[in-house]
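Single chain ahead, written as structure tokens, the form predicted alone.
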């Protein structure tokens, strides 16, 4: 019997190539060996904002990119968190099994508070790891693909599962982290991370001309001022993209850059062509859903039907264990 994995994202609209390298590529590779569920974490949006008007449109765009990247809805159900009421119920029950002090020790939370400059934290934000635990355990998740920086979340999930099982009976597995090296692409501006908020992205759905225009703005080796100046590819953002999307030419590009044979303009043109070719199948698979977003709604509805069946069975076991219904 296949082990179960739950993965998800908050709906933020179209996804960029950093999302592909950091998550989607891994999701696609896992779906043949595991039973995967893919969660549109729309309730998690409320932990940092109460603006909900764009969630539906962002959901459709994001799921289009999931499908276009290669997620097969027949193998890996996709569904909206808000449409499965059991997520909220299990979150409430789990909230009774963990202390405020334990949640405040979460290092990832501390980083978010610092980065988002939050002065008055709402309860939902403090408790978002508990909602994540409910998301994972509702589907009896055995494994959770994470980078090392997310291990604290998995430990909270394991603690909650253990606490429930001790208090009421053995219902939940204690999920294990499936450590994955989540690569991060630097943004076009050379920042450590490609991010929509920084406007330094290339989107999966970008047309070749859009990719070319974006690459023109990309930061390269600042010491290579003229075409014939020797460059240092190891510090160049564009060379990082070559390494991922144009590996066959990486060695020659590095050599020509160092000797000054290859200028930055030509290097960017070759890189934009390589990225465009790499994601051509993604754009092709996305096109029918762009033309008919109703197809995405059908996929979500089918995924939600499958998810509800699993979630209902889990909550039936929870109620039996707790003797509350």
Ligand code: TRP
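Positions refer to the first chain, counted from 1. Computed from a predicted model, the values in this text were never measured in an experiment.
Note that the form predicted in complex with this ligand isn't included here; everything after this is about it.
In the model of the complex, this ligand sits within 4.5 Å of a heavy atom of residue 128. In the model of the complex, residue 44 approaches this ligand with a heavy atom inside 4.5 Å. Residue contact with this ligand in the model of the complex: residue 6 places a heavy atom within 4.5 Å of it. Using a 4.5 angstroms threshold between heavy atoms, residue 224 stays clear of this ligand in the model of the complex.
39 is the sole member of 257, 271, 39, 68 with a non-hydrogen atom lying within 4.5 angstroms of this ligand in the model of the complex. When you look in the model of the complex, the only residue of 78, 202, 253, 136 with a non-hydrogen atom within 4.5 Å of this ligand is 136. Stretch 128-136 is the answer when you ask which of 158-166, 171-179, 235-243, 128-136 has residues with heavy atoms within 4.5 Å of this ligand in the model of the complex. Here the marked residues 14, 276 and 282 all miss this ligand in the model of the complex; none has a heavy atom within 4.5 angstroms. In this stretch, 219-250, not one residue has a heavy atom within 4.5 Å of this ligand in the model of the complex; the partner itself is omitted from this view.
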